[in-house]
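Quick setup: the structure tokens below cover two forms of a single protein chain, split into structure 1 and structure 2.
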Structure 1
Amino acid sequence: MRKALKSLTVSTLALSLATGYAMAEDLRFTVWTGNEAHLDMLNGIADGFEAKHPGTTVTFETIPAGDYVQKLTFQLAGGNPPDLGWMFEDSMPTFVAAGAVEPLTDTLENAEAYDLADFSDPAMSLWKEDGEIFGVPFSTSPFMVFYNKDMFDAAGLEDPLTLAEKGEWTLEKFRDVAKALTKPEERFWGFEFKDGQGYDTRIMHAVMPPIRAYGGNGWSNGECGFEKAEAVEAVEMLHQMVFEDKSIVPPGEQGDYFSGSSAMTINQISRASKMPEAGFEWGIAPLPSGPAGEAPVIGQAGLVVFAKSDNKERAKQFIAWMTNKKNVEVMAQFFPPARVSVLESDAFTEANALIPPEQMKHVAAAIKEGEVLPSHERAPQILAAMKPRFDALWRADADVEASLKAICDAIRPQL
């Protein structure tokens, strides 16, 4: 009891101290990484800023990724707003529409030696609204095919990278090799959706690459694309792979690529950090191309300043600092950059200790060409409306076309 009271007083004390510092411009910065290497790097970047602006401190606060948007919203609505933070691409339109994030254009245009034009246009499109910049992407990471080279070699098949170099890495080829590598009795699959979550939290990551390769889209300009012919063909192919070829890890099943249960998966290069402990030879390759050619897909995360912040100007300056050329180079060791100058430098292709430069070239190419997943200011509602209808689609006896039509019917009111 006494201990409890003591800890209560201590935490009140800490609280009042914290508010005291706020006067001296303590910037609270929310992130969803708890990784120490990431935090060390971020703190290093903050140190340089603090040296330039005495009296300013930057504190990074980790909120788990799964609850990030919710807890962040609670803090913003709960009178305890952070000053700036990371933002998921799919949440960005919601925050912009709600007026919860600050415009950054002035600060960035006037920042010393910043070179705003260095950011590639497609990479910035998501973070702009009516010509005003509301966020700066710090990670622009393409989705790549990870493959288990040992499994391809054992089966005597050419691996995806070789096929891609020859220009033969197509969706049909992808389907063929996935089927060839599947061994049902040993519980090995040819392909696993991103992190095995293709039926749950990663629906869009599962279906969008083939839909784009077929020339379709989830939605755009208020129009639903899932029911169009291109998307139907693409999803039908996936459906057949899951339930006829049985070459994709099915719903409710564990077939982790990283522990060697699947021959291929699609993921971002940050996942390469998991590979050294995997214990097999591996490589990365571009997404398979389709009838509409190559259609790289990228995932982004950006930096924003919250409208509720008390230290907006300082926070904006910090974003300008964090995304200047030098710091983008520093961050490139973990987060693929959106600055063309960094992307084209040898420093980038050689920056990743795990991925050889010839594979990194494909990464750089995908970043430049890649398109983000469709987004929307009502994304949470759209995804919630989609989820149950996609559940119905991932059944062996489902009518794919009808299910996709039902998905469109469900999300159309939100678009």
Structure 2
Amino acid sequence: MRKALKSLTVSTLALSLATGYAMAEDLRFTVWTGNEAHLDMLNGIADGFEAKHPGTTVTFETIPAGDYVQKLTFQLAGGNPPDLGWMFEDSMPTFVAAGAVEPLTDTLENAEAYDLADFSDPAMSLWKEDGEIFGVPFSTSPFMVFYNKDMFDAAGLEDPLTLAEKGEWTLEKFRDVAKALTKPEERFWGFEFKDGQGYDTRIMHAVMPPIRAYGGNGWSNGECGFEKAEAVEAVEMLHQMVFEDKSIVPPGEQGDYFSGSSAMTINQISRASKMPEAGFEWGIAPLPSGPAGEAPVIGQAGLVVFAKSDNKERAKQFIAWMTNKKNVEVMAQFFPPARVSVLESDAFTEANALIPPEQMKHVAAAIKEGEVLPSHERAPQILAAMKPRFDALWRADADVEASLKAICDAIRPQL
């Protein structure tokens, strides 16, 4: 009897080891950040998951943001698919329509203590299709004005946060202070577009904040809005700042707010991780209001599992782990949450050691009130059609109204 018991025990152990080996899974996770602080945080979250799932490893692979969608598409088409990854909000409809991402609904609904209802409906709307959840937003990050406080103080100007708290932070004031802070002889500009790429990969990030503040839109419900009066007036203001005021870093020049060559830029709070190296005092403020009032613009990024993954179930489980309440609180230091309970807590306003709580409150307000950039399942075709027309716009002698009409003519067949 003992011998039989021993044999059964050995056999059970052998089966257990064999099963453990078979279940060993290496998850490859694509991201567009190479920031050490971000990756340290992500690896910490992965360590907790790996401890609960022995034999599973999670490796984060950085693809630069400007190349992310193209290189990811090549990997998926070329037989080298990652298991899961970050996804831009404007690319999500395209990937869902192509069947390139997996539904996550069952996994999230059955994850222990997950509380799916804690994600607000507006935050989740872009990531759902026909009742299925295809992605979970991990960052619902509004565009904020980053400013060089030292430059404002040296010029004797009130900074954007001070103006915002007085109700005086308007597009008109934004243009005035950008012009006042510009020093052409020193190649120092009052403002630069997001990541210095407003004429290229960040076109929509450049034009949409003022367009929305004027009451316009890029496109909506199949209709192009770039040629409408509100958008024309907003883009004319930007064009004048570039070529008349010379206060925005112009095409062909490379400014860098983070090294001190521009007084202001627009970005998201994840970029605050770069500020300890900047060497100047800084702050963040809401976007300036316009004729239509305050119009926060939100950038969203989500987590998806790719349909070609060999480890779909484990990848789905990792998404549920990464977006549980505890880990969302951890990520909130860099990536504003879509979980209402975290957004409304001190854990959020106090999450980022670099940004004071009184400034983080403006981030929370913008998340609640803002709208994402226009998206579409044919976004790649729309952006490709827009690009040469926007290139023609950024010339000193360009007819702004005619250029924006040409953009609408080019993209209307795709809408």
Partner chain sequence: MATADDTSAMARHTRVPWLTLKRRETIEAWLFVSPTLIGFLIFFLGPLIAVVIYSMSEWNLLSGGQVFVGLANYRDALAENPDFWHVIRNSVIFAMGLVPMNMALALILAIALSRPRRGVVFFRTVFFAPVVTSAVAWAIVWKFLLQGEGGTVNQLLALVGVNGPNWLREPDWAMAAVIVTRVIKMVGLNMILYIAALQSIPRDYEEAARLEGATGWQVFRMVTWPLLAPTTLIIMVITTIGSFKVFDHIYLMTGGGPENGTLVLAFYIYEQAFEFFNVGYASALAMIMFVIVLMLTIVQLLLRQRGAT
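C-alpha atoms forming the largest set that superposes within 1.5 Å between two forms make up the rigid core. For numbering, take structure 1's sequence and count from 1. The structure displayed is predicted, hence computed values, not measured ones.
Visitor: If only one of the two is the form predicted on its own, which is it?
Guide: The chain shown as structure 2 is the form predicted on its own.
Visitor: Considering only the two-part rigid motion between structures 1 and 2 (each C-alpha going to the part whose superposition fits it better), are V101 and R175 on the same side?
Guide: Taking the motion between structures 1 and 2 as two rigid parts, R175 does not share its part with V101.
Visitor: Roughly speaking in whole degrees, what is the angle the smaller rigid part turns by between structures 1 and 2?
Guide: The computed domain rotation is 14 degrees.
Visitor: May I ask for the C-alpha shift of K308 between structures 1 and 2, in Å, based on superposition of the rigid core?
Guide: With the cores aligned, its C-alpha sits 4.5 Å away.
Visitor: So with the rigid core superposed, the C-alpha of A113 shifts by how many Å between structures 1 and 2?
Guide: Value for A113 between structures 1 and 2: 3.8 Å of C-alpha shift.
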